[in-house]
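One chain is shown next in structure tokens, namely the form predicted alone.
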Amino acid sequence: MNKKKFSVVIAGGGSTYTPEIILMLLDNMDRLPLRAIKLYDNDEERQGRLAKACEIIVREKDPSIEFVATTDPETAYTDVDFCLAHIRVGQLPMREKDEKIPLKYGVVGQETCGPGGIAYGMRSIPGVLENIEYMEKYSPNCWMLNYSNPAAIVAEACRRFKPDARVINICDMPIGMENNIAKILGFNDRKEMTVRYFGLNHFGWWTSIKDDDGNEYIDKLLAHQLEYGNTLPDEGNNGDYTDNSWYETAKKVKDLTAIDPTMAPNSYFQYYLFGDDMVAHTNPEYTRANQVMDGREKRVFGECARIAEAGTAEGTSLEIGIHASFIVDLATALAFNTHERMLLIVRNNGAIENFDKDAMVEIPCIVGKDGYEPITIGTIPTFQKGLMEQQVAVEKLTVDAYEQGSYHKLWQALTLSKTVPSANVAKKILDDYIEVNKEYWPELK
């Protein structure tokens, strides 16, 4: 019996990650057969720089797949089974401001952590909600696999404003770390590991890693991380790192693990627990946004222009991203009831016993045709619980500020962030952000 074929819309079609997502989808047609791939973006010029190359890639792989690139929501969302949402409201120029404004005051300038994540979240909420409404209007049985950043704030907004929507919030960051962990522990693939993990998005810990026979590897991993971080011995920046900053991030896991050597931390804790180190090693005039604009963006747009001019993708340098397969895993689990175990961002609802039931936590879930079932975590220790309570309050206050148009709620969110040293500094950052986000944020009073 032939498998059903699916229609997919990529929301944020102008993203430089779109070509690798399409390559990943085409490479997994045996698991998730496709009848249509659509790109949707409200920036026609930017999406157009990728669309012709993407059309050529699709046509050469399987000309029976319908390809559409559009700025019209009805065209994009009509007759689709899955929406892969990775929108970036304000694009990279606003990310640059998110990062550089805090650095003026000696505070971490990062895309999803601290003030940068709060500012980005205030822009992302309306864009994600708008796309959910399009989906519900034109394809009410569609699933949205939402990995738009900052995922934690976006997930809280979805819980609050669209509690019954067919939206699953996900993040590829733990997958990237698990790829490294698998190599450290000698596995051929991360899927050979059964993990236990808890936390918030970009804010969690691995507590168990077992093989198919039930053997536990967490102590071996922790011993390695205390000596090498999340890198292999003598690896240097020769592993699966796109640039040196990711290699340095993997090394920093050594210091993170030392704080509590009973759990393996997500590397994003470097921004919360070693913010002074992060600021000291960041050029306030040339942040990660600049690196992406000068590197990845020019590379991907340039290659797409080359493909469009040549009329063929033969010999392309575009590759499937190492993190991208989780999207197909999730879609396949929903489509074919595979009961795959995956890390998702979901309402806690008692999964972590001693934590806010309404918090959006990142934990393992079993995924099937009806959605997901969270795996019970139990109680968590005081140190982790304290950090999570502070951070989830920041996320909720940010959504409060958006919902109420409240200056004070956003000031409180920034003040409470572990990356910000005082209410004085929080207010300066907030006032600067308001000035540059007039086009995107609600008016705050």
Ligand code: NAD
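Keep in mind the model is a prediction, meaning the values are calculated, not measured. Don't overthink the numbering: it's just position in the shown sequence, from 1.
The same protein has a further form, the form predicted in complex with nicotinamide-adenine-dinucleotide (NAD), not shown here; the description that follows concerns it.
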Q: With heavy atoms only and a cut-off of 4.5 Å, decide whether Phe82 touches nicotinamide-adenine-dinucleotide (NAD) in the predicted complex.
A: no
Q. Does the 4.5 Å heavy atom contact test between Met144 and nicotinamide-adenine-dinucleotide (NAD) in the predicted complex come out positive?
A. no
Q) Would Tyr17 sit within 4.5 Å of nicotinamide-adenine-dinucleotide (NAD) in the predicted complex, counting heavy atoms only? A) yes
**Q.** Close approach of Gln404 to nicotinamide-adenine-dinucleotide (NAD) in the predicted complex, 4.5 Å, heavy atom
**A.** no
(Q) Given the stretches 352-360, 272-280, 123-131, 209-217, which is the single one in contact with nicotinamide-adenine-dinucleotide (NAD) in the predicted complex, using a heavy atom cutoff of 4.5 Å? (A) 123-131
Q. Since exactly one of Thr249, Asn348, Thr257, Ser148 fits, which has a heavy atom within 4.5 Å of nicotinamide-adenine-dinucleotide (NAD) in the predicted complex?
A. Ser148
Q.
Just to be sure I understand the contacts: of Lys191, Lys104, Arg196, Arg296, which is the one whose heavy atoms reach within 4.5 angstroms of nicotinamide-adenine-dinucleotide (NAD) in the predicted complex?
A. Arg296
Q: Look at the candidate spot formed by Ala155, Lys427 and Tyr433 and say whether nicotinamide-adenine-dinucleotide (NAD) comes within 4.5 Å of a heavy atom in all three of them in the predicted complex.
A: no
Q: Let me know which residues along 73-92 have a heavy atom within 4.5 Å of nicotinamide-adenine-dinucleotide (NAD) in the predicted complex, or say none if there are none.
A: His86, Ile87, Arg88, Val89, Gln91, Leu92
